[in-house]
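Structure 1 and structure 2 below are two forms of the same protein chain, each written out on its own as structure tokens.
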Structure 1
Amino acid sequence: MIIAENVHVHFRRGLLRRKLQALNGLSLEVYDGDFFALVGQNGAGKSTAMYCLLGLLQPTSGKVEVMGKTPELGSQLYQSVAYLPEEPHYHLYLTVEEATRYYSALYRRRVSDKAINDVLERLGLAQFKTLPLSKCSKGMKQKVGIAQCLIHETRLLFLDEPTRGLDPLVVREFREALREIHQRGATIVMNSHVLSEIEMLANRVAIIDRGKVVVQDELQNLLTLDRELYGVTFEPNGSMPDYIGSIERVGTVVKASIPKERLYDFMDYTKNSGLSVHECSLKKTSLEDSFFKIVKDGRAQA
């Protein structure tokens, strides 16, 4: 679906026109049907990479192909591509319904009144369809953007920090809408700092650092289980056995780890002490854990 090979992007900035290297040999591959996430710290090159994939920015050098073609503005390629930026800029005098109808029409396809009404209902916007966009919250504006993707069965969707600044309820609704679009067969490329969201949505991840991809893999390969440690969450009462390590206190609850061979000792300890155990499972490496380890190790070797 998408191929980027050895992509470099240089900018000139400041009075002395010093060269800023935004991408430094970035290479990645997105397969048809992926929910693909770009992960990296601020300034790592995620948004610049997305602009290159969209054809909004031409690389200084390197190759980009989307669905077998070089992305160029005005190409027929964009008939099946959608992009939702972090801060969508709309014609704010339009109402929610007018905006949905207008931006859908830009695809040069007829959209029925029923399709408009159905998608507004699906996204919880039906009761606000006469509300001007100037009075809409950020979450509502994001939903207007995602409405285009639901209406037109978008084949490829780019999302740049789509949930930043949204309240938890809107994030959940937005996540379900993305799952629906993906289940319909769309390929999704998302740039996000919210690693927990990525864990719930993506199937493949590229970790970007200093303008290049340092790891590209299936998400499940980055979320490994430590077969030698159990992660436990419980409510302690007084001192704890010395085999309990990595202790983190959250209110009255302790999150910790115990060696595999001491599992039954821990069970006896909590039973005899009458402690409440909230969780006990093989210790899982989160995407956040993997991300920081990969970036730290990569910089140490540089």
Structure 2
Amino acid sequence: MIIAENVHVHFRRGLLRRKLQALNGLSLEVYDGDFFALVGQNGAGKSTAMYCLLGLLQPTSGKVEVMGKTPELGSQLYQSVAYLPEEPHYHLYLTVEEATRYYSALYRRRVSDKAINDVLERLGLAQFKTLPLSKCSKGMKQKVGIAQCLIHETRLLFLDEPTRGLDPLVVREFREALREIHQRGATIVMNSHVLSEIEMLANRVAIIDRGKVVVQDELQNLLTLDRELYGVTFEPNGSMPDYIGSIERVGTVVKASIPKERLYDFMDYTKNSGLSVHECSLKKTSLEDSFFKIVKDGRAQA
């Protein structure tokens, strides 16, 4: 669906035209039907990568192909592509209904009033139809963006930090809408800082660091990247064995982790010392853990 090969982007900034390397040989591949997440720190190059994939930014060098074509502004390629930018990049002078109608009309397909009204009703925007986007909350604006994906059969959807600044209720609604669009067969490329959300939605992840993809894999592989640990919560009464790690004290209670092979040693220790154990469960590596480990390892190698 999307191929980016060795993409370099650099900007010239300031009076001295200092070179700023935004992408440094970025390569990635998104398959048809993926829910693909671009993860990285601020300034890692996620948004720049997305702009290149969308054709909004011309790479300095390298190749980008979306559905077999090089993305060019406003080309026919976008017939089945939708993009939800960060908050301010909508036509703020239009009302909710006007914006929905306008964005739909740009797809060169006739959309009935009923279809527009139905989708606004479904997204809970019907009562705000006449409200200008400049006066809408971020959640409402994002719903206007989502409306176009529901009106047209979008094959490829790009989301740039879609849930930043949204309240938890709207995030949940938004997540459900994304799941529905994905289930309809759309490929989704999302760029987000919220790793827990990516864990819930994405099936493939690319971790970007300093303008380069350091890891690109199935989410499941990244979640089980490290050896498995047990997470334990107990009340110690003195010194603790060496194999207990990641110790975090909350009052008299200790939250810690132990390697899987030391589980029976830990059970003996708590039994012999007469300690009360509140919780003991298999602890899987989170995307956050993997992310930090990969970025740290990558930098150490560099």
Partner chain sequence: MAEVLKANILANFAFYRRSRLLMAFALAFLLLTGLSSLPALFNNSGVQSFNALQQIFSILNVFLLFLAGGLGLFIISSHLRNRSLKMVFTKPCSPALWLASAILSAALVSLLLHGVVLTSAVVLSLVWKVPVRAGLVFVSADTFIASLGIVAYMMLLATLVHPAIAVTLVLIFNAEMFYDAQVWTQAVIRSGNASVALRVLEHIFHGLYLVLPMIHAYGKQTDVVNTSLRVLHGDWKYLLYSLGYVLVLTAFCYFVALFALQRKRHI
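Every residue number counts along structure 1's sequence, beginning with 1. What you see is a predicted model; the values in this text were computed from it and never measured. Throughout, rigid core stands for the largest set of C-alpha atoms superposing within 1.5 Å between the two forms.
**Q** Specify the structure that is the form predicted alone; exactly one of the two qualifies.
**A** Of the two, structure 1 is the form predicted alone.
**Q** Does superposing the core leave Pro236 with a CA shift of 2 Å or more between structure 1 and structure 2?
**A** After core superposition, the displacement of the Pro236 C-alpha between structure 1 and structure 2 reaches the 2 Å mark, so yes.
**Q** Given a superposition on the rigid core, I'd like a yes or no on whether Leu94 shifts its C-alpha by 2 Å or more between structure 1 and structure 2.
**A** Leu94: C-alpha displaced by 2 Å or more between structure 1 and structure 2.
**Q** So with the core overlaid, does the Cα of Val254 end up 2 Å or more away between structure 1 and structure 2?
**A** The answer is yes, as the C-alpha of Val254 shifts between structure 1 and structure 2 by 2 Å or more after core alignment.
**Q** In Å, how large is the CA movement of Val277 between structure 1 and structure 2 relative to the superposed rigid core?
**A** That residue's C-alpha is offset by 7.6 Å.
**Q** Having superposed the rigid core, state how many Å the Cα of Asp265 shifts between structure 1 and structure 2.
**A** Shift of Asp265 at C-alpha, rigid core superposed: 8.4 Å.
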